[in-house]
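Okay, so here's just one chain, in C-alpha cells, the form predicted alone.
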Amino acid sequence: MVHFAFLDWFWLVTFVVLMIGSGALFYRLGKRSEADFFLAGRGLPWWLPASSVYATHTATDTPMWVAGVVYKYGLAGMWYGFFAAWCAVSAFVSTKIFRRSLAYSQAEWQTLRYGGMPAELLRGWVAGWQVFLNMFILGWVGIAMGKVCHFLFGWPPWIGLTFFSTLCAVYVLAAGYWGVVMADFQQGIIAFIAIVFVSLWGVHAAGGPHMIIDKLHAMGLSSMLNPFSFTGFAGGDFPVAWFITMLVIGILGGLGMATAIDWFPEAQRIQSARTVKDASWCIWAGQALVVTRNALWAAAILGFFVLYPGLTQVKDYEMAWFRLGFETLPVGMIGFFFAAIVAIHLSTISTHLNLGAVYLTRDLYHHYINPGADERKLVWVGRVGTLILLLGSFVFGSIMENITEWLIFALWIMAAGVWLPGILQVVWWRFNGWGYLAAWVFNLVFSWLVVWVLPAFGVLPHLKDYQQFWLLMLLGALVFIPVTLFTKAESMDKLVKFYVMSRPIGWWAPVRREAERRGLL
C-alpha cells in the first residue's frame, strides 16, 4: 500500500482533467468526417504521429515485460524486443508504399493489392481478426493496470481494469483519433520525463552505475552485463539460433506489411501523416524513442536486481520498475509517477479503442453493410464501435490470468505463418490473394498442431518459440507457394494500377514494363 499526500493527488487529478479536456477541445474536429475521426484528416506533421507511435507502445505492461526479461537474462534479454527493428526498415520501404495507397487500414489495403473474391475474403478476415485482437490487447493492458492499482491501493484488479479505460473512452468517443493523437503527445512527454527520472533515481538508489557493476561481479553474474552472452548455438536460454531468428524477423520484416502485431497501429499513424516523407519520419523517430526508453528501463532493472537478488517468482520481479519508483521516490513525486503510469496506460488504451473501431466501421459496416452511409452516420458508428471495444476488453481482461499462455500463442506463433507472405505481397508481383488467404487459413491449423496437439500426443516434442517459428514458416510455404503458382495471377490491370499508385520494391519487372507501355510511368 502506498500513501498519497495532497501533492500526489494534485498531480493525478490535474493529469486526468487535462486528458478529458483533450476530448472536449477536439470534439468539433473529430465529428466532421470519417477521415477526421480515424485519421485526423491525414494532415499531421511527422512529430505528432511519432509521439503517438512511442506513446502507444509504452503501455502499463511494457515495463513489466522488460523487467521480466532483464531480471532473468540480464542485458541479453533486451534482444527480445529486437523484432521491433522492422520499424527502421519499414520507415523507408513499406511505410512509403502503404502511405501512397491511401488505404485507411491494412484490411482495406487487401482490396487495393488483390482483386476478386480473395480480396473481399481477406478484407473481411483481417478486419474481423483485428477487432478481436484489439479487444484482446485492451484486456491485456487493462489487467496490467489492475495489477498496479492492486499493488498500490489494494484495489481488486477489476477496478484498475475498468476505471481508467472508461476515463480514456470519454475523449476517444468525443474526438476520435484527434483526441488520441493530441493526448498521446501530452502523455508521451509526461511518460518520458517519468521514465528518465525514475530510472535514474533507481540507479542512484542502487549505489550508482559503478556500484551496480561491482555488485554483479561480486555475485559472479558479470554475464548479465553482456548483451551477447550466448548459451550455445541451440541450447540454453539465449542461443545463437534464437538471436539469428530475431535478426531475421526484425530486419526482413520491415520489407513487408503485417509482419508484426505492431504494424496495425503503425499503419493508422502512417496514414494520418500529411505526406509520405512525414509518414517515414514518424515511424523512424517513434521507434528511436522506444529504443531509448528500453535502455533506461534496462539500467534501472539491473539496479533493482542488485537491491533484490534471488527473486524467483515472475510476479515479484516483473514489478521491478514500479517498485523502484514507489519505494524510493520522495513524497510529492509518487503522485507524479502514478500520473505518468496512467498516461502510459491511456495512450495504449486510446489507440486500440480507435483502431479497432476503424475496422468495425470502415471495413465491416461501411464496406459490407451500408456502403451508402454518409459521414455523420460513419462517425456515429465509429463511436458505437469504440464502446463495443471497451466492453469487450473488460470481458477479456477479467479472464486474462487464465489465458496468458494462449495470449503469447496468439500474438507470436499464430503470426509466424503469415510473416513471409506479408513480405511477398509487397515484393513479388506474382503472389496473389489466394496464396495470402491460404497462408492465413493453414497457419491457424498448423500453429495449433505444432504448439498444442502434436506435443500432447507425443508426435512432436515441445519446441522453443524460435523453433516453432521456423517450422511454421516452412509448413506455411509448402502450402501458399503452390497455391499461388497453381492459381491465376492477379489481373494485369489490377497490378498496374497498384504499381503506379504504390511503387513497390522487388520483383515487379513485368508489371513495370506494362505500366511503361501504357504511358503511366
Partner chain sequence: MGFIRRQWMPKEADEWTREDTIAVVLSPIVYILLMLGTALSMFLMWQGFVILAAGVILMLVMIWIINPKLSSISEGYEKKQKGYIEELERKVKWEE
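Numbering follows the first chain given and starts at 1. Treat the numbers as computed from the prediction; the structure is a model and nothing was measured.
The same protein also exists as the form predicted together with its partner chain; that form is not shown, yet it is the one meant from here on.
- In terms of contact with its partner chain in the predicted complex, the residue from Thr386, Gln268, Ser447, Ser280 that brings a heavy atom within 4.5 Å is Ser280.
- Shown without its partner, this chain lists Trp428, Phe326, Trp79, Phe185 as candidates; in the predicted complex, only Trp79 has a non-hydrogen atom within 4.5 angstroms of its partner chain.
- Among heavy atoms of Lys315, none comes within 4.5 Å of its partner chain in the predicted complex.
- At the 4.5 Å threshold, heavy atoms of Ile344 stay clear of its partner chain in the predicted complex, well away from it.
- Its partner chain is not shown here, and in the predicted complex it never comes within 4.5 Å of any heavy atom of Leu18.
- The shortest heavy atom separation between Leu521 and its partner chain in the predicted complex is within 4.5 Å.
- None of 137-145, 328-336, 230-238, 207-215 except one has non-hydrogen atoms within 4.5 angstroms of its partner chain in the predicted complex; the exception is 207-215.
- Candidate site formed by Val89, Leu112 and Ala299: every one of these residues places a non-hydrogen atom within 4.5 angstroms of its partner chain in the predicted complex.
- Using a 4.5 Å cut-off on any heavy atom, none of the residues of 176-197 reaches its partner chain in the predicted complex.
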